[in-house]
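A single chain comes next, written as structure tokens; it is the form predicted alone.
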Amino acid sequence: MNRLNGKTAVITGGATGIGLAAAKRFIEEGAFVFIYGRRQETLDTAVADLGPNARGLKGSVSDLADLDRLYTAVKAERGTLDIVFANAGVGSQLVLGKITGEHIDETFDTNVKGTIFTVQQALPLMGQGGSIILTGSSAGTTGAPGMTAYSASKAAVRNLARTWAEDLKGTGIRVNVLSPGATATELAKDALGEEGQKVFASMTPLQRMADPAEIGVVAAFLASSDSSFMTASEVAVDGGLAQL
């Protein structure tokens, strides 16, 4: 399929996991993709894998100057922007009673502040037919033991889409949330550990973790005109985890 032929996309957190899987799918469907992340070596490896229709830019979503540099590069090379996949996120376990201010700040700076400014600073490059995709989580609906900050931040992301759909009326730009469940990514490994991943897999009706590619293909659907009458929606790709 070439549903994204000629489109330009930005994917934050694009060098690993769901972001990288989405980048591969977007390129397969004809897009030119800028992946954005904090580790230069990981970006370089991802771009080498993705090929000539990818660019890697280093920066943090919580740093507005870094985001300015990202979108300046997009404008210089491509002129306009069609798709923003605000996918960068962090999450780690701290049970109630042990939560620190630093833990809250780190989580919300990336997952909420980072999402807000990733989208806000992209808007001058976007227009009719644009698609914004926000990475939510099943944890934003169900909660998750020991994941107070992460779960709350993802509930906030869900509400951003509802609010922005109102703010973007008349622009032709859509905004939707893609909410994975337990997915076999670097973040899941770090946040949950081996045993935690087994627990979440067992709680999922499909009895396994998702492959990042299974999330990436849904991101491509939301990026394309196949989802042209969708905005403010949440698409759960969670194996049923938050649905029962």
Ligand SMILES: NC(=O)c1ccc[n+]([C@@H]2O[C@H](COP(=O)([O-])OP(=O)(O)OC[C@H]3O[C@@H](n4cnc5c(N)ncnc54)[C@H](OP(=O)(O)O)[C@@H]3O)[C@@H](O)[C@H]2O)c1
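Residue numbers here begin at 1 and follow the sequence given. These numbers come from a predicted model, not from an experiment.
There is another form of this protein, the form predicted in complex with this ligand, and it is not shown here; the text below is about that form.
Residues within 4.5 angstroms of this ligand in the predicted complex, judged by any non-hydrogen atom, belong to 146 to 154 and to none of the other stretches in 166 to 174, 97 to 105, 146 to 154, 124 to 132.
Contact check for G37: a heavy atom falls within 4.5 Å of this ligand in the predicted complex. Within this chain, L187 lines the site of this ligand in the predicted complex, having a heavy atom no more than 4.5 Å away. Although the partner is absent here, G59 lies within 4.5 Å of this ligand in the predicted complex, judged by heavy atoms.
Although the partner is absent here, G216 lies well away from this ligand in the predicted complex, with no heavy atom inside 4.5 Å. Taken together, I18, V90 and T183 are fully in contact with this ligand in the predicted complex: each brings a heavy atom within 4.5 Å. Although this ligand is not shown here, in the predicted complex the stretch 210 to 228 places no heavy atom of any residue within 4.5 Å of it.
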